[in-house]
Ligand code: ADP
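Before any questions on how it binds or moves, here is one chain, the form predicted on its own, in structure tokens.
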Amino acid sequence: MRHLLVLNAGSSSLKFALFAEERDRLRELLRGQIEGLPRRPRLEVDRTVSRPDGDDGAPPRRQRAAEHSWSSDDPQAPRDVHAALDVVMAWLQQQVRPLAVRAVGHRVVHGGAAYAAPILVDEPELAQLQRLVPLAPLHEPHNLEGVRAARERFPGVPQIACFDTAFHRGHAFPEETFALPREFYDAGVRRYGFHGLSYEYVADRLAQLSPRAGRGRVVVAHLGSGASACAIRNGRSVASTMGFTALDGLVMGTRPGQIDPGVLLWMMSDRGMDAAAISELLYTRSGLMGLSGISNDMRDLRASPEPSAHEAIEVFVARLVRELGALTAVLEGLDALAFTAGIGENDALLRSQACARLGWLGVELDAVANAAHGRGSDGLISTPGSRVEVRVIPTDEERMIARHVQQVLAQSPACDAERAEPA
């Protein structure tokens, strides 16, 4: 049996998933993460217990398989992505025998103008991707470090980068450009959009659940610490709330979303802030955290009695509703609305608050189904009479990456389809 390993390396975590290739199906075996890098690392692994037969898109049932924490002064504790990957592989070798990694897939946030599809990564490609780091400084350096760590750990095994921007490539020029001199567009200053792996998975899943809606006009709201929304027509992205970087659009955990650029000019002229100070403010001290002064976690804000927590949620919902309306205008109507990611999947009250303001579109929410995250496994939370289907669809970026890895391996003559590295 051959395996595909999926890695998502971040600033303080390494997420992973292991899939077995079985004929025409991908069977998830394990997924987990080492979080808390570099000071207090913690390993959490979930074993996949079951997945509905014949339904490769339905969420599997998982149970906790391992937990381990290291103290801050433990010399054996992993402190970076390379060490974290060694820990993960040692654990996988104990649990999966024989472990034969055929290829490794990586989430890479920004693909810039050059990358519209997953690619095999070699040293020249790594050098090109390194040039995109300033466009996604919170994510890209760590994504690429994960690629480097895996190349060292698995010499000769194909490493495949899957881009969060790729799903949005092909937008019409008016949706992709800023109203700046054309030289900037030619230099790559464009609206790229992000969370593309999530949107691609949700669009595929919606087409399985409701073919009519999947072929129609859909808005997906990916709501988490990073948040955005995407307009999709016939399974393809046509517009996104995120732009040149992952700062634009909706209010996020620590990022402000859309902001008048004149505010940034004022910060420079009146407050004397330089680019580094403004970057730190926009990426780490804004959004829900900045508005509330309490937390960037929606659960903490829900539990807080402080007025600022309530106000932060109000701003989050107001911006979401405004952007959902704008994307509906781009689509010239709406057939389906899907909520996904941490907040979108788990905060029933937020879904209710947003949908209550979309009644003019014909959105009617089923309160009981919404509280239960959908009727059965289809995630449907709208009433039978609603003109717009509303669903909660758990995202699975790791599975989407694994699918892309299979496609690249099948299409590339440089990859030996039978090659697998015993780990």
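We number the residues from 1 along the sequence you see. Bear in mind the structure is a predicted one, so any value in this text is a computation, not a measurement.
In what follows, reference is made to the form predicted together with the ligand, a form of this protein that is not presented.
- Using a 4.5 angstroms limit between non-hydrogen atoms, residue 224 touches the ligand in the model of the complex.
- Contact check for residue 296: a non-hydrogen atom falls within 4.5 Å of the ligand in the model of the complex.
- In the model of the complex, residue 346 approaches the ligand with a heavy atom inside 4.5 Å.
- Residue contact check for residue 135: none of its heavy atoms lie within 4.5 Å of the ligand in the model of the complex.
- Proximity to the ligand in the model of the complex, taken as heavy atoms within 4.5 Å, picks out 298-306 from the listed stretches 71-79, 230-238, 298-306, 204-212.
- For the options 112, 342, 325, 141, the one in contact with the ligand in the model of the complex, meaning a heavy atom within 4.5 Å, is 342.
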